[in-house]
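For reference, the chain that follows is the form predicted on its own, supplied as structure tokens.
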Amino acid sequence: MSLIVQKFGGTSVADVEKIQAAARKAIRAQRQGHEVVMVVSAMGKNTDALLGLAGEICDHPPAREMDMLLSTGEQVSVALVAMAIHALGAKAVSLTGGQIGMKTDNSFSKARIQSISTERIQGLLSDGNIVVAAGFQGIDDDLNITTLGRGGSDTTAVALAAVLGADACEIYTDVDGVYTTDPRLLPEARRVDVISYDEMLELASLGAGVMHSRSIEFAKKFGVPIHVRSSFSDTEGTMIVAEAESQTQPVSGAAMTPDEARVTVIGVPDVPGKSQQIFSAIAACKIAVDMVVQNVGKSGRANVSFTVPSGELEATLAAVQAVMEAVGADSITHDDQVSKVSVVGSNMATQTSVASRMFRALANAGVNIHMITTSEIKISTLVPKSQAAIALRAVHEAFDLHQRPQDAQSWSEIKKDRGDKADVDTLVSRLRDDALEALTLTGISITDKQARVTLHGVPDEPGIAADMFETIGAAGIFIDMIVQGYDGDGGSTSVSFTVDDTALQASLEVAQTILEKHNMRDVQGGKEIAKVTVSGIGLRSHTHVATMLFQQLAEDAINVEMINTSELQVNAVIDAKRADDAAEDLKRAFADSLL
């Protein structure tokens, strides 16, 4: 008998009528021959109400007591849903996180799942029950109630689907699938039939509210198909699986993260270990850093820029200020009036001119770009907050995301070409028994025979990036990494990009033309570099990954020339002569996390 996990969010169980509708969906699935596990969130605005009550009691309530309080919202929901199922003539048992055997660490409000005991659930299913499990919560080794943080019910549902070997995890929500961007911001956004784990993981980390990134990490790790559907209609929804909808379209989605803050540490000594000191201090506060940019140093010093959620700016600045003297940096600047606009697509790496097309769209809309980072499937730009909505519309239109690709495949078409489902028991056994949500690395690799070009004094104004990369593209030069960060000199920026070392001379000639056209300060080039890449699942949510990478390179006295990060990779450009040493030492350092 097949097993289905159904997750119902707060809006899907917001009142009695919706609770009854959720109960009917579960009963219908059971009568179609499936075993059914429901994962339920707190009703409607219940969690907000509980937060408000806590705020009336004290300004800074203890984290343990907050988890105790917030977990009651799901306990109310699961009991009511189970009652509704009974009233409709079926059998059901409600369980809290502790009762389903959801063991977590003791990081209150941000707990990670270590293990799930499935015996009780399987026994109840065998007796013909629909199991109604509380999302968002678990218990630690001391039997304290813990919560998983934002989107925790999604994480609970996919984790249960993984360990139970479910055929699918159905996510019922107030939208009818995943869209090319937020349809509340752009009405012309299109619902996609299929999206890949990697694409969804990037979009979720960028603020796409349909799914939480930790739940996608579980799905990718264990091969769980996720079906995002509406609670209020029978629309087919969107399948999140390993495959992409199109094999040719370069971009599948766009996202805007409105509340970002940019921090730049200026004048960091360009020697091994300094980046590690900065990011260790931030990681100790469990702050997720994004858009990390370390550009090529000049006169022995470099600038390191990165973004954090604006709500964590104060804590980030305090962490960095505490190590400024030890780092030996000159100063620190920040800007909390910025937003991040990104495009994501699994076919991006195989196509040229994707970056320049995005930059031209922003230039035509009069949007200035403050920072740039790229990865194999994502390009992110930091733009003024006041221009974020304009920027999102511009890039959405530029890649025709409102139109269905001509080669788009439906889930039924993809499924025909698939092999057998992955053996979940084998996958689980490959991980440590006590750490289901542990960091999982898929590889550590070296890209050698690389060269880099850096332009300093790039005017911080609209259209410059578009002109630069259109000119480079017209010269037939294929670019790998692009990073743009602050120079710390009169508000200008510096832009670096990497190319195959055979293209260095041509790249320098094109860069010189760009320099003269836009009155930039200077251009630098260098060979004999390599890119070391750490790839895996959950790199951003496990804030120590970049720290460990920088620490290992520092211990090996290997200097980092450039950095960029994504949800799936951390990349560092280093001296090619030390690349093999770096790869071997990193494999040893991350041995427990490598599959």
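Bear in mind that the values here come from a model prediction, so they are computed numbers and not experimental data. Start at 1 and count along the sequence shown; that's the residue number.
One more form of this protein exists, namely the form predicted in complex with a small molecule; it is left out here, but the text below deals with it.
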| property | result |
| --- | --- |
| Option touching the small molecule, based on a heavy atom within 4.5 Å in the predicted complex, out of 551, 533, 30, 47 | 47 |
| Interface residue in the predicted complex among 276, 264, 205, 153, criterion: non-hydrogen atom within 4.5 angstroms of the small molecule | 153 |
| Heavy atom of residue 41 within 4.5 Å of the small molecule in the predicted complex | yes |
| 4.5 Å heavy atom contact, residue 136 to the small molecule in the predicted complex | yes |
| Residue 74 within 4.5 Å of the small molecule in the predicted complex, heavy atoms | yes |
| Candidate stretches 145 to 153, 479 to 487, 396 to 404, 382 to 390 - the one whose heavy atoms come within 4.5 Å of the small molecule in the predicted complex | 145 to 153 |
